[in-house]
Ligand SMILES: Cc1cc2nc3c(=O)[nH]c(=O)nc-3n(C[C@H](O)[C@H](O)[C@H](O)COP(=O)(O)O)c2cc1C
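Below you'll find only one chain, the form predicted alone, shown as C-alpha coordinates.
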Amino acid sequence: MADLTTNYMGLELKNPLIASSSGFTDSLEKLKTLEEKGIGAVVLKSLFEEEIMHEMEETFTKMKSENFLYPETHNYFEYEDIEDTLSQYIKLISDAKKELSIPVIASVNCISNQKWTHFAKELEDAGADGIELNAFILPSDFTRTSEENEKMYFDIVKEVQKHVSIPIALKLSYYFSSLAPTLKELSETGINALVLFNRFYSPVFNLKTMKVTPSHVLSSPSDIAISLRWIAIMSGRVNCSLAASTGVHDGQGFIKQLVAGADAVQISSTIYKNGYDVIPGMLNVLNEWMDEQEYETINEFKGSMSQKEIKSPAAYERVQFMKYFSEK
(Lines give C-alpha, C1' and ligand atoms only; values in the text may rest on other atoms or scores of the structure.)
Protein backbone atom coordinates (compact mmCIF):
# COMPACT_ATOMS: atom_id res chain seq x y z
CA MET A 1 0.00 0.00 0.00
CA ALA A 2 1.25 3.50 -0.90
CA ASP A 3 2.40 6.05 1.65
CA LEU A 4 -0.33 8.72 1.79
CA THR A 5 1.27 10.96 4.42
CA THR A 6 1.60 14.63 3.58
CA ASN A 7 2.54 17.95 5.12
CA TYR A 8 -0.12 20.64 5.18
CA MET A 9 0.36 24.06 6.78
CA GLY A 10 3.25 22.60 8.76
CA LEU A 11 1.15 19.74 10.13
CA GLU A 12 1.85 16.09 9.42
CA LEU A 13 -1.26 14.37 8.05
CA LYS A 14 -1.71 10.65 7.57
CA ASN A 15 -3.38 11.46 4.26
CA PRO A 16 -4.34 14.65 2.39
CA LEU A 17 -8.12 14.31 2.80
CA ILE A 18 -9.58 16.89 5.18
CA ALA A 19 -13.14 17.30 6.44
CA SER A 20 -13.89 20.97 5.84
CA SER A 21 -15.90 23.22 8.11
CA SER A 22 -19.51 21.99 8.08
CA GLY A 23 -22.26 20.41 10.11
CA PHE A 24 -20.17 17.23 10.12
CA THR A 25 -17.49 18.91 12.24
CA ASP A 26 -19.61 20.51 14.96
CA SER A 27 -19.62 17.75 17.58
CA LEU A 28 -17.17 15.33 19.16
CA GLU A 29 -19.23 12.31 18.10
CA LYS A 30 -19.11 13.32 14.43
CA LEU A 31 -15.41 14.14 14.62
CA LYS A 32 -14.65 10.70 16.04
CA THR A 33 -16.62 9.08 13.21
CA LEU A 34 -14.68 11.07 10.64
CA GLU A 35 -11.41 9.88 12.16
CA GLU A 36 -12.62 6.27 12.25
CA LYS A 37 -13.44 6.49 8.54
CA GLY A 38 -9.89 7.62 7.79
CA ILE A 39 -10.01 11.39 7.41
CA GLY A 40 -6.57 13.06 7.66
CA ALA A 41 -7.63 16.20 9.57
CA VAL A 42 -10.75 18.14 10.52
CA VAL A 43 -11.67 21.80 10.27
CA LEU A 44 -14.26 22.59 12.90
CA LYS A 45 -17.52 24.25 11.93
CA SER A 46 -16.85 27.97 11.71
CA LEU A 47 -17.46 30.51 14.37
CA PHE A 48 -18.74 33.68 12.76
CA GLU A 49 -17.10 36.98 13.56
CA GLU A 50 -20.57 38.32 14.35
CA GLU A 51 -21.10 35.56 16.92
CA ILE A 52 -17.84 36.40 18.67
CA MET A 53 -18.60 40.12 18.73
CA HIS A 54 -22.17 39.52 19.94
CA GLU A 55 -21.02 37.34 22.84
CA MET A 56 -18.30 39.84 23.75
CA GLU A 57 -20.71 42.77 23.68
CA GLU A 58 -23.21 40.94 25.90
CA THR A 59 -20.46 40.18 28.39
CA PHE A 60 -19.24 43.78 28.34
CA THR A 61 -22.77 45.06 28.92
CA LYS A 62 -23.26 42.71 31.86
CA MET A 63 -19.94 43.68 33.45
CA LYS A 64 -20.75 47.38 33.11
CA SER A 65 -24.15 47.00 34.77
CA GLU A 66 -24.99 48.21 38.25
CA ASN A 67 -24.63 44.69 39.61
CA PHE A 68 -20.86 44.95 39.25
CA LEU A 69 -18.96 46.93 41.85
CA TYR A 70 -16.13 47.78 39.46
CA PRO A 71 -17.46 48.19 35.92
CA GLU A 72 -13.97 48.93 34.60
CA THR A 73 -13.07 45.29 35.16
CA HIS A 74 -14.36 44.65 31.62
CA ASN A 75 -10.89 45.70 30.50
CA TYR A 76 -9.43 42.63 32.20
CA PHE A 77 -12.08 39.98 31.65
CA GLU A 78 -11.17 36.42 30.72
CA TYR A 79 -12.57 34.99 27.49
CA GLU A 80 -13.48 31.85 29.41
CA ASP A 81 -16.22 33.95 31.02
CA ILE A 82 -18.04 34.33 27.72
CA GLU A 83 -21.03 31.99 27.73
CA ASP A 84 -22.69 29.75 25.22
CA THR A 85 -21.27 29.81 21.70
CA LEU A 86 -17.67 30.69 22.45
CA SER A 87 -17.26 28.55 25.55
CA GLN A 88 -18.86 25.59 23.78
CA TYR A 89 -16.50 26.03 20.86
CA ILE A 90 -13.47 26.12 23.14
CA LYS A 91 -14.75 23.00 24.90
CA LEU A 92 -15.17 21.21 21.57
CA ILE A 93 -11.53 21.95 20.68
CA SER A 94 -10.34 20.77 24.08
CA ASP A 95 -12.43 17.58 23.99
CA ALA A 96 -11.43 16.82 20.41
CA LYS A 97 -7.74 17.10 21.21
CA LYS A 98 -8.19 14.62 24.03
CA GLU A 99 -10.03 12.09 21.88
CA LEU A 100 -8.56 12.44 18.39
CA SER A 101 -5.10 11.70 17.05
CA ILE A 102 -5.55 13.74 13.84
CA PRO A 103 -5.02 17.53 13.61
CA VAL A 104 -7.94 19.68 14.77
CA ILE A 105 -8.15 23.04 13.00
CA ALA A 106 -10.37 25.80 14.36
CA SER A 107 -12.25 28.02 11.91
CA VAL A 108 -13.48 31.60 12.00
CA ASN A 109 -15.66 33.10 9.29
CA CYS A 110 -14.58 36.73 9.20
CA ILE A 111 -15.05 39.93 7.24
CA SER A 112 -12.93 42.37 9.24
CA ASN A 113 -9.91 42.68 11.54
CA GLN A 114 -11.86 44.11 14.47
CA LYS A 115 -11.71 43.08 18.15
CA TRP A 116 -12.64 39.46 17.51
CA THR A 117 -9.01 38.72 16.56
CA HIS A 118 -8.05 38.67 20.26
CA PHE A 119 -10.18 35.55 20.59
CA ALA A 120 -7.84 33.61 18.30
CA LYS A 121 -5.50 33.21 21.27
CA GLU A 122 -8.20 31.31 23.14
CA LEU A 123 -8.50 28.87 20.25
CA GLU A 124 -4.78 28.22 20.45
CA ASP A 125 -4.85 27.84 24.22
CA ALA A 126 -7.70 25.32 23.92
CA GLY A 127 -5.38 23.11 21.88
CA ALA A 128 -6.23 23.86 18.25
CA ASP A 129 -3.47 22.67 15.92
CA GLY A 130 -4.18 25.52 13.55
CA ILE A 131 -6.70 28.21 12.61
CA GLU A 132 -8.46 28.57 9.28
CA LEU A 133 -9.64 32.10 8.54
CA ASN A 134 -12.60 31.83 6.20
CA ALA A 135 -12.60 35.35 4.81
CA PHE A 136 -15.01 36.60 2.19
CA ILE A 137 -15.48 40.28 1.52
CA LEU A 138 -18.02 40.67 -1.26
CA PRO A 139 -16.89 43.50 -3.57
CA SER A 140 -20.34 45.07 -3.61
CA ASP A 141 -19.60 48.20 -1.55
CA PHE A 142 -19.73 51.14 -3.99
CA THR A 143 -17.74 53.32 -1.60
CA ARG A 144 -14.74 50.97 -1.35
CA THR A 145 -12.05 50.46 -3.97
CA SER A 146 -10.65 47.09 -5.02
CA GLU A 147 -7.41 47.99 -3.25
CA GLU A 148 -9.30 48.64 -0.02
CA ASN A 149 -11.14 45.33 -0.33
CA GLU A 150 -7.95 43.39 -0.91
CA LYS A 151 -6.13 45.18 1.89
CA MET A 152 -8.66 43.84 4.38
CA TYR A 153 -7.42 40.28 3.83
CA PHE A 154 -3.89 41.34 4.68
CA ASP A 155 -5.12 43.25 7.73
CA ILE A 156 -7.04 40.23 9.04
CA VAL A 157 -3.98 38.00 8.70
CA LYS A 158 -1.73 40.58 10.35
CA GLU A 159 -4.01 41.01 13.36
CA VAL A 160 -4.46 37.28 13.97
CA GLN A 161 -0.72 36.71 13.67
CA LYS A 162 -0.22 39.10 16.59
CA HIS A 163 -2.11 36.74 18.90
CA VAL A 164 -1.19 33.19 17.87
CA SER A 165 1.84 31.10 17.04
CA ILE A 166 0.00 28.08 15.60
CA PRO A 167 -0.34 27.67 11.81
CA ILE A 168 -2.81 29.90 10.00
CA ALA A 169 -4.69 29.04 6.81
CA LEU A 170 -6.60 31.61 4.79
CA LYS A 171 -9.66 30.39 2.92
CA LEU A 172 -10.85 32.91 0.39
CA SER A 173 -12.81 33.39 -2.82
CA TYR A 174 -11.74 34.16 -6.38
CA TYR A 175 -13.30 37.65 -6.32
CA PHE A 176 -10.07 39.56 -6.95
CA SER A 177 -9.11 41.82 -9.85
CA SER A 178 -5.61 40.30 -9.89
CA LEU A 179 -6.06 36.90 -8.30
CA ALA A 180 -2.70 35.29 -9.02
CA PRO A 181 -0.51 38.19 -7.77
CA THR A 182 -2.76 38.61 -4.72
CA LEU A 183 -2.53 34.94 -3.78
CA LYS A 184 1.23 35.04 -4.14
CA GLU A 185 1.48 38.18 -2.02
CA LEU A 186 -0.77 36.69 0.66
CA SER A 187 1.42 33.58 0.75
CA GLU A 188 4.36 35.82 1.60
CA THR A 189 2.71 37.25 4.75
CA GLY A 190 3.81 34.28 6.84
CA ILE A 191 0.56 32.33 6.64
CA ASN A 192 0.88 28.58 6.36
CA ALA A 193 -1.78 27.75 3.79
CA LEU A 194 -4.21 29.09 1.22
CA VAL A 195 -7.52 27.27 0.74
CA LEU A 196 -9.00 27.68 -2.75
CA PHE A 197 -11.88 28.45 -2.56
CA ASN A 198 -14.59 29.12 -0.01
CA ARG A 199 -18.18 28.46 -0.99
CA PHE A 200 -20.93 31.01 -0.56
CA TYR A 201 -24.66 30.83 -0.94
CA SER A 202 -26.10 32.45 -4.06
CA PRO A 203 -29.47 34.19 -3.71
CA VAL A 204 -32.42 33.25 -5.89
CA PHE A 205 -35.97 34.58 -6.02
CA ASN A 206 -39.02 32.60 -4.96
CA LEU A 207 -41.65 34.02 -7.28
CA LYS A 208 -44.53 32.61 -5.23
CA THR A 209 -43.51 34.14 -1.91
CA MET A 210 -41.47 36.98 -3.45
CA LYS A 211 -38.64 36.26 -1.04
CA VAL A 212 -34.90 35.88 -1.50
CA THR A 213 -33.70 32.39 -0.65
CA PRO A 214 -30.26 30.69 -0.77
CA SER A 215 -29.50 28.20 -3.51
CA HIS A 216 -26.82 25.66 -4.36
CA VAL A 217 -26.02 25.02 -0.71
CA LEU A 218 -24.08 21.88 -1.62
CA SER A 219 -21.50 21.74 -4.37
CA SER A 220 -21.67 19.47 -7.40
CA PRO A 221 -18.82 17.65 -9.16
CA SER A 222 -18.80 20.28 -11.92
CA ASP A 223 -17.82 22.92 -9.34
CA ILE A 224 -14.32 21.46 -9.23
CA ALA A 225 -13.33 23.35 -12.39
CA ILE A 226 -12.51 26.72 -10.81
CA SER A 227 -10.46 25.45 -7.88
CA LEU A 228 -8.69 22.89 -10.08
CA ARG A 229 -7.59 25.59 -12.52
CA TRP A 230 -6.27 27.89 -9.81
CA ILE A 231 -4.57 25.18 -7.79
CA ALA A 232 -2.75 24.23 -11.00
CA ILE A 233 -1.84 27.84 -11.77
CA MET A 234 -0.59 28.64 -8.25
CA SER A 235 1.22 25.36 -7.54
CA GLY A 236 4.93 26.02 -7.15
CA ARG A 237 4.36 29.77 -7.12
CA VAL A 238 3.31 30.38 -3.52
CA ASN A 239 5.26 30.29 -0.27
CA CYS A 240 2.77 28.17 1.66
CA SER A 241 0.64 25.05 1.40
CA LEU A 242 -2.31 24.88 -0.97
CA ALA A 243 -5.60 23.16 -0.17
CA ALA A 244 -8.31 22.55 -2.74
CA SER A 245 -11.93 23.01 -1.78
CA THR A 246 -15.34 22.81 -3.49
CA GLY A 247 -16.49 20.28 -6.04
CA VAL A 248 -14.44 17.25 -4.95
CA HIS A 249 -16.98 14.42 -4.71
CA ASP A 250 -15.08 11.24 -5.53
CA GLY A 251 -11.67 9.63 -5.74
CA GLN A 252 -11.04 10.88 -9.26
CA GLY A 253 -11.62 14.50 -8.22
CA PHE A 254 -9.38 13.92 -5.21
CA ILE A 255 -6.52 12.72 -7.41
CA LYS A 256 -7.00 15.53 -9.93
CA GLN A 257 -6.50 18.16 -7.24
CA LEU A 258 -3.33 16.44 -6.03
CA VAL A 259 -1.77 16.23 -9.50
CA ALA A 260 -2.75 19.88 -9.98
CA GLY A 261 -0.59 20.68 -6.95
CA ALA A 262 -2.79 20.62 -3.85
CA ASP A 263 -1.11 19.58 -0.61
CA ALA A 264 -4.50 18.70 0.83
CA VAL A 265 -8.11 18.45 -0.34
CA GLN A 266 -11.14 19.52 1.69
CA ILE A 267 -14.54 17.84 1.35
CA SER A 268 -17.98 18.27 2.88
CA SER A 269 -20.80 18.22 0.29
CA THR A 270 -19.96 14.68 -0.78
CA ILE A 271 -20.25 13.53 2.84
CA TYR A 272 -23.71 15.13 3.02
CA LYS A 273 -24.71 13.39 -0.20
CA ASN A 274 -23.01 10.01 0.20
CA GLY A 275 -22.38 9.55 3.92
CA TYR A 276 -19.21 8.89 5.88
CA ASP A 277 -18.24 5.87 3.78
CA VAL A 278 -17.27 8.14 0.90
CA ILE A 279 -14.06 8.85 2.86
CA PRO A 280 -12.54 5.33 2.78
CA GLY A 281 -13.85 5.01 -0.77
CA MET A 282 -11.90 8.05 -1.94
CA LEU A 283 -8.77 6.91 -0.11
CA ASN A 284 -9.04 3.47 -1.71
CA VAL A 285 -9.27 5.01 -5.18
CA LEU A 286 -6.13 7.03 -4.48
CA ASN A 287 -4.30 3.97 -3.18
CA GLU A 288 -5.27 1.85 -6.17
CA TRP A 289 -4.31 4.57 -8.64
CA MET A 290 -0.92 5.07 -6.99
CA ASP A 291 -0.29 1.34 -7.13
CA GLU A 292 -1.23 1.23 -10.82
CA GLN A 293 1.06 4.16 -11.59
CA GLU A 294 3.78 2.71 -9.35
CA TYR A 295 3.92 5.76 -7.10
CA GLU A 296 5.06 5.12 -3.55
CA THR A 297 4.52 8.62 -2.14
CA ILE A 298 2.27 11.58 -2.94
CA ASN A 299 5.26 13.85 -3.51
CA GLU A 300 6.22 11.79 -6.54
CA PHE A 301 3.23 13.05 -8.52
CA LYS A 302 1.89 16.08 -6.64
CA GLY A 303 1.81 19.06 -8.99
CA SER A 304 2.82 17.02 -12.02
CA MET A 305 -0.10 18.54 -13.97
CA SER A 306 0.34 22.09 -12.69
CA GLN A 307 0.76 24.94 -15.12
CA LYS A 308 4.39 25.29 -14.08
CA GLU A 309 5.19 21.65 -14.88
CA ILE A 310 3.27 20.75 -18.03
CA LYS A 311 4.64 21.35 -21.52
CA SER A 312 1.61 23.35 -22.66
CA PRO A 313 0.90 25.89 -19.88
CA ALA A 314 -1.45 27.79 -22.20
CA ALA A 315 -3.94 24.97 -21.61
CA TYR A 316 -4.97 26.84 -18.46
CA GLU A 317 -5.54 30.11 -20.29
CA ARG A 318 -7.92 31.47 -22.94
CA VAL A 319 -6.73 29.04 -25.62
CA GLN A 320 -9.04 26.38 -24.13
CA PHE A 321 -12.04 28.57 -24.75
CA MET A 322 -11.00 29.36 -28.32
CA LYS A 323 -10.16 25.74 -29.15
CA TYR A 324 -13.53 24.54 -27.85
CA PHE A 325 -15.52 26.75 -30.22
CA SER A 326 -13.18 26.25 -33.17
CA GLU A 327 -14.01 22.54 -33.13
CA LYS A 328 -17.77 23.05 -33.30
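We number the residues from 1 along the sequence you see. Just so it is clear, the structure is predicted and the values come from calculations on it, not from any experiment.
Separately, the form predicted together with this ligand exists; it is not shown, and the next lines address it.
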Item to complete: Answer with one of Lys37, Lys45, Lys30, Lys302: the residue that has a non-hydrogen atom within 4.5 Å of this ligand in the model of the complex.
Response: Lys45
Discussion item. Only one of 244-252, 186-194, 173-181, 159-167 has heavy atoms within 4.5 Å of this ligand in the model of the complex; I'd like to know which.
Written reply: 244-252
Item to complete: Give a yes/no on whether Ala41 approaches this ligand to within 4.5 Å in the model of the complex, heavy atoms considered.
Response: no
Fill in: Contact of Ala260 with this ligand in the model of the complex (heavy atom, 4.5 Å)
no
Worksheet item: Is there a non-hydrogen atom of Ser269 within 4.5 angstroms of a non-hydrogen atom of this ligand in the model of the complex?
Response: yes
Discussion item. My question is simply whether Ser306 lines the interface with this ligand in the model of the complex - judged by any non-hydrogen atom within 4.5 Å.
Written reply: no
Fill in: Stretch 15-44 - residues with a heavy atom within 4.5 Å of this ligand in the model of the complex
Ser20, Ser21, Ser22, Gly23
